[in-house]
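The chain that follows stands alone, in the form predicted alone, written as structure tokens.
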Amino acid sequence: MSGEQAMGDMRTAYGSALVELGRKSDSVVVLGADTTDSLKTAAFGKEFPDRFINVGIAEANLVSVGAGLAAYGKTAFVSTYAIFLPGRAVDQIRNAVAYPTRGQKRGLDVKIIVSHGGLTVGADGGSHQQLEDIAIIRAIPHMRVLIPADSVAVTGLTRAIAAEYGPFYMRMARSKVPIVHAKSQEFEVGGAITMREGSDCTIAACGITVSMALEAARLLAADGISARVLDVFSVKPLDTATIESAARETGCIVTCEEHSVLGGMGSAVAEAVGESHPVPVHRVGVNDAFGESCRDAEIPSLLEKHGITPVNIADTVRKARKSAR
């Protein structure tokens, strides 16, 4: 790959998008749990102090207060680290946010936005490397689940969920990540984006693995293998039409994600393909294990240990193609 790829910070993009939304609507409120500087939501608090609440290290209270504000007509953005939401507040997310139904409105207008998802957390280690959140949240009725690939996607999806009523869960990475989308790219809840056309296999990726999938496709192209790459940023609802077309047209699918292979995006894709057009689906992710502590400089080695690399994605494509014959 020629040239140096631009990098972007998801949390900074999120903080800027919140300020933009706050200027447009007085109904937007932002809540944090003693991680407001890290999540970059403090910028909203500086401009709109009367619509900003830091509840302290009390994640269940964070969700409950957000639900209470939403019950009285506010659009509540609640944010902290992924290990704490849903980790410490599944009950409140399920029963206070997703469960309430009023007429045609399912759930409350609470947007749960988290950072520090997956393995790329750093030295905090396995206790703070959230690898199960997508499996947990997508099983809760009325919840919608988004995993942006870069800072452009964070901006677009923050705007999109603010404009759409109801509960959402969006998971961001801690580290800066390659920018893979043009600033003009549009994002629609329930959609997927074809990043690269291909006919021999499909790589369905989300989050930080989208850039890895694109690199894997380039490695495969050097061997004469044409790989389609999808950014499956909307895990729930899933773009089943795009997934089914990929299965029919390419014959096999490899999924990759910074999450457990159990119950994550790969599972959602496999479920959809199994019901519509069964083809081999091979999943790249963490295989039923916890993470472990590593320095920031060692994060690539940790990802490699779990097979979350362009080289392993490419190798998995080769295996998937063989099983499809």
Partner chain sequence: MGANYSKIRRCVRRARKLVIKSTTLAGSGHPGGSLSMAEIVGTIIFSHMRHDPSRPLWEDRDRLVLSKGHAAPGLYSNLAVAGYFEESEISTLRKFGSRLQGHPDWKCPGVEFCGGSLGIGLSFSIGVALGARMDSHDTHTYTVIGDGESDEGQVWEAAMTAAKYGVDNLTVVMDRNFIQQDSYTEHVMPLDGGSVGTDVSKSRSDKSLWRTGDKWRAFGWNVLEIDGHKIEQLSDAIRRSKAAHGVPTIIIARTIKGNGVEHMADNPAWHGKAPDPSIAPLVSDELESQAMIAPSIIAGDMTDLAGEIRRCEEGGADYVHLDVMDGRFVPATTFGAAKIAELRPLTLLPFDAHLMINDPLDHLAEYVDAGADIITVHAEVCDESSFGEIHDSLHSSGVGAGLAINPATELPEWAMRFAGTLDQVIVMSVEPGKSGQKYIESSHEKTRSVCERLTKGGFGGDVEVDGGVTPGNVGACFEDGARIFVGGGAIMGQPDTRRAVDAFAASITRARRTRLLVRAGRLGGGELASKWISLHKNEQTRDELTKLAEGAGVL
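Note that the structure is a prediction, hence the values are computed from the model and not measured. Residue numbers count along the first chain shown, from 1.
The form predicted together with its partner chain is left out here; the points below concern that form.
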{"item": "A67: touches its partner chain in the predicted bound form, heavy atom cutoff 4.5 angstroms", "value": "yes"}
{"item": "Contact test in the predicted bound form: P100 vs its partner chain, heavy atoms, 4.5 Å", "value": "yes"}
{"item": "4.5 Å heavy atom contact, A42 to its partner chain in the predicted bound form", "value": "no"}
{"item": "K74 within 4.5 Å of its partner chain in the predicted bound form, heavy atoms", "value": "yes"}
{"item": "Single option in D124, D91, E164, E249 placed near its partner chain in the predicted bound form, where near means a heavy atom within 4.5 Å", "value": "D91"}
{"item": "Proximity to its partner chain in the predicted bound form, single hit among A82, V229, L108, V145 (heavy atom within 4.5 Å)", "value": "L108"}
{"item": "In the predicted bound form, segment of 55-63, 295-303, 278-286, 263-271 with a heavy atom within 4.5 Å of its partner chain", "value": "55-63"}
{"item": "Complete contact of V29, D50 and N95 with its partner chain in the predicted bound form (any heavy atom, 4.5 Å)", "value": "yes"}
{"item": "Heavy atom contacts to its partner chain in the predicted bound form at 4.5 Å, residues of 268-285 in sequence order", "value": "none"}
